[in-house]
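Taking the form predicted on its own, here's one chain by itself in structure tokens.
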Amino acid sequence: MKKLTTIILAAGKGTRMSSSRSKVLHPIANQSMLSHVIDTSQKLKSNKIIVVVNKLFQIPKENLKTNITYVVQKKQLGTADAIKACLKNINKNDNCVLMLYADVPLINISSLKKLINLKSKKEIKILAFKKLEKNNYGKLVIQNNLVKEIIEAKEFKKDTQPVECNSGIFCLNAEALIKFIPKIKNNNSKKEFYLTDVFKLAFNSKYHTKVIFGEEEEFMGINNKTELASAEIAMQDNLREKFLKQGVTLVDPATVYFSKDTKIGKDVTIYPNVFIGPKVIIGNNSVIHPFSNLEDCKIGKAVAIGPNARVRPGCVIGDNAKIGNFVEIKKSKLGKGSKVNHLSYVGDAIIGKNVNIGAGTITCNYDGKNKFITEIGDNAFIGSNSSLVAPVKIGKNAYIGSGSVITKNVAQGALGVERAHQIEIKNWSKRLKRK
């Protein structure tokens, strides 16, 4: 099997993003641009992934993986200079090197598989697309079906430009890269070292510089918040199409938002205006009703969520459970067949099987300094408008009377009630009116 080294260029300052956050760390579908490209590289089974960053870049914890090497480009002198910064990390005997950009996260893996399939050491393949309208992309000058050179839009002297546009993504043999990079000069208006000059050098050295065409959308570069929003729309459309093909029913697809890592089982129905954050797994036959928000949680089989429900991080919802309207649940386990039907808050709780939690119930998990756990046993019944003050345990088959504030454990099968005595003052309204 051929060895593959992937270089991801991520050293740009991204000033047009008008943000204190590094451009490539801005999220699309709740995952940073850089993470999208790293994931793509890993799916290609890259033996080594090199990310070129600037000196101000702070490596995210989720990207600290063993097969990723971060190299600092000390000065932004162009894309070829970025490659020069990591040449010492490239093994001359590696079969090929793939060039990717951290701000081009929509690239299709099928296109890249065509690109990395090099037939010889003297073959270079580049991804491109055709665009008739005037634009700022670099242009491919093609001669005898080979790329003679690539000219940046600002450097093009002629009024009539080729329609073949450069994506910037290409693949070549490691030996060729090491050979050509030191030869690139900065004889251009910006005095930068352009990586695209590799093609002129390769063509003049009788290399086979071939083009693979794709769709413009997958090569979308992101430089500002407007383009970031456009990329989000494109990514969401792709995710919706993926889940629809997978058999998920989306009643109004355009109003449902997914994360890149969302996992959904068979025969799931999702109603309009649902937001699914990172790390969400939804089991078979579950239904997510309108205006619900899910994040970092595991939803079992045949579960009903919402409408207007919020399932926060750390939740595990058992099979056949139900979380109804205006319910918020956080860092809790809800057992099989249990129900929290409406107007409740459940936080830091372990709830058994077939538990019924009445309307208006809350687990009082926070005392202003520490958080505590509420445990509710199987088949327990929690009456409406109850407050369970943690730490507290409600035994199996226990009952909590409506309107109770429970501060002590309730034994298995017992009834826990806490209420003040009701009093009645006769003729109160008449007395009040005399004042």
Ligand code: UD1
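If you superpose the two forms and keep the largest set of C-alpha atoms that fall within 1.5 Å, you have the rigid core. In this text the structure is predicted, and so the values were computed from the model without any measurement. Note that residue numbering begins at 1 and tracks the sequence as displayed.
From this point on, the text means the form predicted together with this ligand, which you will not see here.
> 173-181, 132-140, 298-306, 249-257: which one contacts this ligand in the predicted bound form at 4.5 Å, heavy atom to heavy atom?
Contact criterion met by 132-140 only.
> Pick from 168, 335, 265, 290: which residue has any heavy atom within 4.5 angstroms of this ligand in the predicted bound form?
Only one option qualifies, and that one is 168.
> Work out which of 229, 109, 77, 281 lies within 4.5 Å of this ligand in the predicted bound form, going by heavy atoms.
Only one option qualifies, and that one is 77.
> Would you check, heavy atoms only and a 4.5 Å threshold, whether residue 416 touches this ligand in the predicted bound form?
Answer no; every heavy atom of residue 416 is more than 4.5 Å from this ligand in the predicted bound form.
> Heavy atoms within 4.5 Å of this ligand in the predicted bound form: does residue 101 have any?
Yes, residue 101 is a contact residue.
> Mark residue 199 yes when one of its heavy atoms lies within 4.5 Å of a heavy atom of this ligand in the predicted bound form, and no otherwise.
Outside the cut-off, so no.
> With a 4.5 Å heavy atom cut-off, would you call residue 91 a contact of this ligand in the predicted bound form?
Residue 91: no contact with this ligand in the predicted bound form.
> Could you pull out the residues of 193-229 that have any heavy atom within 4.5 Å of this ligand in the predicted bound form?
The stretch touches the partner through 194, 195, 196, 221, 223.
> Does residue 137 show a Cα shift reaching 2 Å between the shown form and the other one after rigid-core superposition?
Shift of 2 Å or more: yes.
> Align both forms on the core first, then report whether residue 284 has a C-alpha shift of 2 Å or more between the shown form and the other one.
The answer is no, as the C-alpha of residue 284 shifts between the shown form and the other one by less than 2 Å after core alignment.
> Does residue 88 move its CA by 2 angstroms or more between the shown form and the other one when the core is aligned?
No.
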